[in-house]
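In the form predicted alone, a lone chain appears below as structure tokens.
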């Protein structure tokens, strides 16, 4: 392992991130399981890239068949690529008609932001203060701004909506919603005064990187209305929230708003780079007219074949039903343990995307060290998770969609052992 780490540092440059105190050397995956070089099996409870399971046979067959037949760029007619874009658009409401395919969430969000700027004639971008949407210069300027201004003068952040650590004390849910909307209103007004105006608000539909907060009722729909009233468009980043992760096709169905532009990524190709920016035909064609956007590896026959196979798996295996049933049982099991351990401050999430907030019992402050200890101890017990959220104290649980009841029950047992051992 030491030699492999040294080779990695030389090949990638020191500083490329790795999970866990003792990194894993993985060599194989199957379904919801991963295997290391010594043959030990782990339950994958983190990766949403292989959303229909590692080495999924339908996806593997589609990938091999198409690659053995034809793969090229998008400047030729190909029925498969067109059919995939049509099928993807049809999974949304009538406001989504056309699709621009790309290879990563970063690219798809970059396209979405530029599309909004072209359509509105404005430059201002709104985001939350603890978000992440990608790594390009534009999209990266929205990352985890906290109380600091963005390096991009056209970006304004507002506090993400949550009920667990509210922006002000002693407010009921309706008052809390108003308080967060007031903060959004300040950001909108600041962009107006700056001369940039509002081009778009870009949010993860379920605020995943913020820590999966429980959002005050009505916030998302009213926030979207405020942005549109200011002349902007609403972009839903569904890279983590979409593709049945919540039990619905899209996270925006859960939080209750209608986006103008939808971005998808990671789960679409189950490991093959595939992402999309979907919007009305007018918005997409307006973007194309201004940019002549082209991506060598996007809208390819290979992407289409794999993308279709992933959608077939979700629909034909009723993975949305599985996500709803297993996710509810797992969340209920973790919530039942909250009272038994004062270190569990909150359990929240949707479907098979659950966050467990760990805190110091004395004052309820975020316990980052405990979160790290938990995920490392769970790894040793054969369950792979990670920590996330604005304070990095939330244990992030996000398994592939076929994750079953047996794995959920085994995880809860490992969780009990882990908490008991760390409390000893």
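Being a predicted model, the structure only gives us computed values, none of them experimental. Numbering follows the first chain given and starts at 1.
Same protein, other form: the form predicted in complex with a further copy of the same chain, not shown, and the subject of what follows.
Under a 4.5 angstroms heavy atom criterion, identify the one residue in 182, 77, 174, 332 near a further copy of the same chain in the predicted complex. If I apply the 4.5 Å criterion carefully, the residue I get is 77.
Only one of 110, 313, 346, 162 comes within 4.5 Å of a further copy of the same chain in the predicted complex by heavy atoms, so just point that one out. Of 110, 313, 346, 162, the residue with a heavy atom within 4.5 Å of a further copy of the same chain in the predicted complex is 110.
For the interface check, one of 250-258, 274-282, 224-232, 348-356 should have non-hydrogen atoms within 4.5 Å of a further copy of the same chain in the predicted complex; which one? Of the options given, it is 274-282.
Does a further copy of the same chain come within 4.5 Å of any heavy atom of residue 318 in the predicted complex? Taking the distances in the predicted complex, the answer for residue 318 is no, it never comes within 4.5 Å of a further copy of the same chain.
Using 4.5 Å between non-hydrogen atoms, is residue 97 touching a further copy of the same chain in the predicted complex? Result yes; residue 97 sits at the interface with a further copy of the same chain in the predicted complex.
Considering non-hydrogen atoms and a 4.5 Å limit, does a further copy of the same chain approach residue 420 in the predicted complex? No, residue 420 sits far enough from a further copy of the same chain in the predicted complex that none of its heavy atoms falls within 4.5 Å.
Does the 4.5 Å heavy atom contact test between residue 296 and a further copy of the same chain in the predicted complex come out positive? Residue 296: contacts a further copy of the same chain in the predicted complex.
Heavy atom distance at most 4.5 Å to a further copy of the same chain in the predicted complex, all of 92, 192 and 324: No residue of the spot touches a further copy of the same chain in the predicted complex.
Mind listing which residues of 18-32 have a heavy atom within 4.5 Å of a further copy of the same chain in the predicted complex? Contacting residues: 18, 19, 20, 23, 24, 25, 26, 27, 28, 29.
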